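A lone chain, given as structure tokens: the form predicted on its own.
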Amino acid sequence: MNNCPIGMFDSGVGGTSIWKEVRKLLPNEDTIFLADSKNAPYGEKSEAEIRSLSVKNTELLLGWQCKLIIVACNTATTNVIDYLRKTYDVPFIGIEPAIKPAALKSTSKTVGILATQGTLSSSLFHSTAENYAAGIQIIEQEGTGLVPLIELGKVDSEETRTLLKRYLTPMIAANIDYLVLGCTHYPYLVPVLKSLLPQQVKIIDSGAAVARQTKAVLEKNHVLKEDGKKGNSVFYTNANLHTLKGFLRDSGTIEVTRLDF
């Protein structure tokens, strides 16, 4: 299993923010990434739809002998990762909003979270908030419309800025000192967010923590790739190739292919 790839899937290009962190920490690992842009965003779908799409993606990755699967989507993680873990005999790494570190570090005792409807309404999100954010005011905001704009490459467009200004206004008024990004698409908005937020507000996402957890699970299962060669990365999308390539343009030579799935 050591030379088998790590699999990842997301409802589009956002999960590439997770892939970049994994690649940085584990450069020798082979990876296969599925960008299910055709069905983005998952955050507006029912739990049954999210489960069906996640199963489809998982079975594709298992068909390529992936030794571990990263569910690089907050909505899929918070809704169906327990089901995936019970159904398939492979380790799964999920993506949860970084509520715990934000709550522990907050001095204003007010934290903002920008996430999809599917994540904010999930039982896993609420249990995490209850367990780790006692005494902290959490300002929740659905990022409606942001994922489609990011999927179109409109990261710094006027449309995106207008939405973000609207979503951030109540958070700024409540004196947040941390903004938690609860969708793997949103790290691509960080430059715009920094230009709109007060300087003292820190932005936090889950990417680096996911990479560390991936390494820990590979070590625990004794399946780290050990040949010393730099890993190969393969990306599949069922939508626009150029959009995905645009988010990966600074990542060196990688294979990007359109696949109907």
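Keep in mind it's a predicted model, so treat the numbers as computed, not measured. Don't overthink the numbering: it's just position in the shown sequence, from 1.
Note that the form predicted in complex with a small molecule isn't included here; everything after this is about it.
> Taking heavy atoms only, is residue 147 within 4.5 angstroms of the small molecule in the model of the complex?
Yes, residue 147 lies within 4.5 Å of the small molecule in the model of the complex.
> Examine residue 235 and determine whether its closest non-hydrogen atom to the small molecule in the model of the complex is within 4.5 angstroms.
Residue 235: no, not in contact with the small molecule in the model of the complex.
> With the partner left out of view, is residue 42 within 4.5 angstroms of the small molecule in the model of the complex by any non-hydrogen atom?
Output for residue 42 is yes: heavy atoms within 4.5 Å of the small molecule.
> Given a 4.5 Å cut-off on heavy atoms, tell me which of 84-92, 155-163, 181-189, 130-138 is the interface stretch with the small molecule in the model of the complex.
Of the options given, it is 181-189.
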